[in-house]
Structure formats: structure tokens, C-alpha cells
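First, one chain by itself: the form predicted alone, in C-alpha cells.
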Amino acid sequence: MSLNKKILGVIFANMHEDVIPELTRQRTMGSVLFGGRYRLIDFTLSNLVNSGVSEVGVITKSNYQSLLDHLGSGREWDMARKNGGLHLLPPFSSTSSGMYRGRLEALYGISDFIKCSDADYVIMTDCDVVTSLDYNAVFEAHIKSGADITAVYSTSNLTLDDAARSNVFGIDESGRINNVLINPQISGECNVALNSYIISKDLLMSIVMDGAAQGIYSFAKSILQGKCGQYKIMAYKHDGYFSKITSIKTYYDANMALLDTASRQKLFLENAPVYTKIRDNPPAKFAIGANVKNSLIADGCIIEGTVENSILFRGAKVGKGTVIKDSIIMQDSVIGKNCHVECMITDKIVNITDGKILTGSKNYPIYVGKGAQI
């Protein structure tokens, strides 16, 4: 896949961190671990790369050390280039900008970077949606419709809690967005914004500069909602598989969904691989007597006990006599002997000592913080 126009990708790595504060306390939204070996930004960045975007800027804000370590030079995404490639953009990118409050202020902070790009269009996207998205089709629809802005959405049945952390579009018969509800108190089937937009560079810079002059900083409230009558904002429906992270529960569910073969095949498409940083770990080791059912086990794991319906990240260790069910065990965590762990999310480098019983529920999974010892 390759876009036939020069496109600049802009990824917001810190947006929506408030929906999963447990996981973003020490990292950005983009560097939250997912699916046994990935980070959330891997899906966003891979979509851009697979669509032929060769220049991407990643806007950070705080707690971005793990993100910098993960992305590095962008070599794993074939983005380590002399021209274009991957650019990591910390806050305070210009002397006149401060810590940004919203998307427009973040864009103002990197305005020199955008102006220096020879791109004609900009794709803006966040890291809270796990999906495989072909931006070629989005761009073609954008050009065909003559839109000022094209926003990607999908239909989904939302609970009140999910809707309260999402933006919902009203769309007329021509596909134009005529209403934008921000964190509404509604439920049922909705047109959910997937936080991906295509806009011409000239129009984007005009909006950003006007926003800076007027002191406005929210792209959703001031532009999508406030000026949907002034700008031609078209909706592009994404019919593929997606998971939107709006809470620790939806994060848990999105991971658990990967245990279903059909869901994995819809997300990991043959012609659109998901790239990530590679660690030189040995293969997973299964000791005599180990029992593993319907689970994703990453490289470097050592399993001596029982693992059922769970996801184990790289380097996790499970002791003899231990039973792990319906849980997410992140990187380099150690579960001792004769433990019972059920419906848990353990962050990186967690040490659960011998004989412990930790049980949550599928509706309320229990989270154990990074580096904790129990």
C-alpha cells in the first residue's frame, strides 16, 4: 500500500491518558503494553507505515522515557531515514509554547516542524485505538468528497461509561458530520470517533495559528464541534476490527479478545503487519508438568505451572504449582510457586511470592502496579 500524495503523519502519544491512569502513571498512552509483545503506538505507527507514509512526528508530553526507548531511531518500522523518517517531538518544541492543554496547542508547539515538511496533507491520529487501518482508502475518500477534514469513525454499542470517554458523530445522508457529541451521556449504537483525521497542511496551519491567536486549544470542541457548519467535515466509516481503550476494563477486554482466533486474524492482517521493537530473548520454555491452554505466551517466558486464557509478556516466569487464569502478566514479572492468580493485570517487573492468592473478576480485573512485590 502506498499513498500517492506526500503525507505527514502526526501521532499524539499522550492523548487519553486519563482513561487508564493506572497504566499511564509512569508511561505515555502510546507506550502502554498490549497483546503480549506490542505497545499501543505500534498499531498506530504500523498503519501509517503500511500505507506508505514515510515521515512521522510523534508528539510527547510527559513520562516519555519508555516511549523513546521503544521507538529509538524507528529502525523496526523502516523509519530510520536521512530524508523523512521518524521524529520524536517533546513538549516545549518552540520557545513560545508551553506544556500543551489540547491538540491545537500541541500542534502549535511543533508548527515549525510541520511547516518544514514538504507534505501536502497531514494525518493526525492517537494511540487509544487498536486496529488495522488503510489510510489509502481514507485519503481517496477525502479527495473524492472535497472535504476540508475527513474523520474516521466506526459504529459500536457503547455503555454509558464508554460513551462518557468518547466522541460521537452525527452524520447526514451525504456522509457529512453535522453534529459532534463530546463525552456524551448516552448508550447504544453510536458513530464512534476513532481519533484519526486527514486535513491539508495549509488548512491545518491556518487553524492552528488562529487557535493560538484566540487562545483556543481543543480541536474536538473548537473545530469539529464548533465549526462543523463552517468546514466540510466528512466521515469515513472503518468497517474493520477495532478496540478502543476507554478504561482499564476495556483494556483488559481488548487484550482478552486476542485469545479468539477470529479476532486475531481480523487485527493482524497478512498484508499489513504490525511492527514492534525486537528483544533478543530465547524461546519460551515449558517445564515438565506445565499446562498451557488458550493463551498467548511471548518469547523468554518460563512456565512451570498452569496458564489458562491468559496473556504473558516477554520474560514472565510462572512457578511450579501456580495457576494463572484470565490474566495479563506483563514483561519480566515473576509469579512464585503454588500461587493462584485470576483476572489480574500485573504491570512490568512485578514479583508475587510463593503461596499467594490474588483474584479479581472479568468485570473488575485487579491491577498490580509496576515493580510491586506481593
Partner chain sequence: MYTKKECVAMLLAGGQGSRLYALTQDMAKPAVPYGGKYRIIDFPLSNCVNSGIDTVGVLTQYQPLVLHDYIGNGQPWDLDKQYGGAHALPPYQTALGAEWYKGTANAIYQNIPFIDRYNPEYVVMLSGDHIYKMDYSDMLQFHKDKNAVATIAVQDVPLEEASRFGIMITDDDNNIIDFEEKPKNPRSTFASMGIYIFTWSKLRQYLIDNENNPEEDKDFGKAIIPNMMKAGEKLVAYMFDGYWKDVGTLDSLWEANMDLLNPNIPIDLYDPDWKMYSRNPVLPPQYIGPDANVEDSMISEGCIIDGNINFSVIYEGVTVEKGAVVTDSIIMPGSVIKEGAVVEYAIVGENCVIESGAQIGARPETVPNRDDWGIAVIGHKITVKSGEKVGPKEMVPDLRK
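What you see is a predicted model; the values in this text were computed from it and never measured. Positions refer to the first chain, counted from 1.
The discussion below concerns the form predicted together with the partner chain, not included here.
**Student:** Using a 4.5 Å heavy atom cut-off, indicate which stretch of 279-287, 107-115, 172-180, 236-244 touches the partner chain in the predicted bound form.
**Tutor:** Answer to the contact question: 279-287.
**Student:** Taking the partner chain in the predicted bound form, would Y38, R264 and K293 all count as contacting it (heavy atom within 4.5 Å)?
**Tutor:** Yes, the whole trio is in contact, each within 4.5 Å by some heavy atom.
**Student:** So in the predicted bound form, does Y217 come within 4.5 Å of the partner chain, heavy atom to heavy atom?
**Tutor:** Heavy-atom contact with the partner chain at 4.5 Å: absent for Y217.
**Student:** Is K227 close enough to touch the partner chain in the predicted bound form, meaning at least one heavy atom pair within 4.5 Å?
**Tutor:** No, K227 sits far enough from the partner chain in the predicted bound form that none of its heavy atoms falls within 4.5 Å.
**Student:** Does any part of K232 reach within 4.5 Å of the partner chain in the predicted bound form? Heavy atoms only, please.
**Tutor:** K232: no contact with the partner chain in the predicted bound form.
**Student:** Is D253 near the partner chain? Define near as a heavy atom within 4.5 Å, in the predicted bound form.
**Tutor:** Looking in the predicted bound form, residue contacts with the partner chain do not include D253, since no heavy atom lies within 4.5 Å.
**Student:** Please pick, from I198, A298, A119, I207, the one residue with any non-hydrogen atom lying within 4.5 angstroms of the partner chain in the predicted bound form.
**Tutor:** Of I198, A298, A119, I207, the residue with a heavy atom within 4.5 Å of the partner chain in the predicted bound form is A298.
**Student:** So the partner chain isn't shown here. In the predicted bound form, which residue out of A137, V168, L259, I248 has a non-hydrogen atom within 4.5 Å of it?
**Tutor:** Exactly one residue meets the criterion: L259.
**Student:** Let me know which residues along 192-214 have a heavy atom within 4.5 Å of the partner chain in the predicted bound form, or say none if there are none.
**Tutor:** The stretch 192-214, when checked against the partner chain in the predicted bound form, contributes no residue at the 4.5 Å heavy-atom cut-off.
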